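Encoded as structure tokens, the following chain is the form predicted on its own, with no partner shown.
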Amino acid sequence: MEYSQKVLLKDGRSCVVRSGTEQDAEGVLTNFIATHAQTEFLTTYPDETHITIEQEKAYLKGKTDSKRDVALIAEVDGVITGTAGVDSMGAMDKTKHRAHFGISIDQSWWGIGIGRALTDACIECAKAMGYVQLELEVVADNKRALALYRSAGFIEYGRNPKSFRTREGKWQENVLMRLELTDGN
């Protein structure tokens, strides 16, 4: 899916939220590795990423060409500051109404509205793609993200107390959240 929207951030700068393209592959990969090094709230560690630039190009092209998925980037002054995406939960009749949402933002860009811009864009894209429900998982200790998702209308529907296990052996509880995008009829 293709998407593009300009958003004014809290600090007065403009942010372009748009579909990632093949030309963005290196910047997206750099951002992915950086964000995964900055926080324990994401699914993987940066050294677990073994994606090449060519694989990232193919991934981004596939998402742009897709009618059921989207990969978005947030760009400020030519710098990729965050990424987000909506991915189908499947094409089978029982699950084709559901999509999963994920987001990551470079820590140096937190607190100025990029998370809100990416979240709103993902909701808009999910609606445009015809999904009825958008779902996510968030580490329970990630209070900022929880507040953002709640303010966007997501509701908690469960918890997984042993969702992640850090390399130090600490368990991280994930909050399962969903947003109804239509009345479901």
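All residue numbers are counted from 1 along the displayed sequence. Nothing here was measured: the structure is a model prediction, and the numbers come from that model.
Keep in mind that the form predicted together with a small molecule is not shown, yet the notes after this line are about it.
- A heavy atom within 4.5 Å of the small molecule in the predicted bound form is found for one listed residue only; from Ile123, Ala140, Ala145, Leu60, this is Ala145.
- Residue heavy atoms within 4.5 Å of the small molecule in the predicted bound form occur in exactly one stretch of 62-70, 155-163, 40-48, 127-135, and that stretch is 40-48.
- Taken together, the three residues Ile103, Arg116 and Tyr149 all come within 4.5 Å of the small molecule in the predicted bound form, as judged by their closest heavy atom.
- Looking at Gly111, you'd find a heavy atom of it within 4.5 angstroms of the small molecule in the predicted bound form.
- Although the partner is absent from this view, Arg13 stays clear of the small molecule in the predicted bound form, with no non-hydrogen atom inside 4.5 angstroms.
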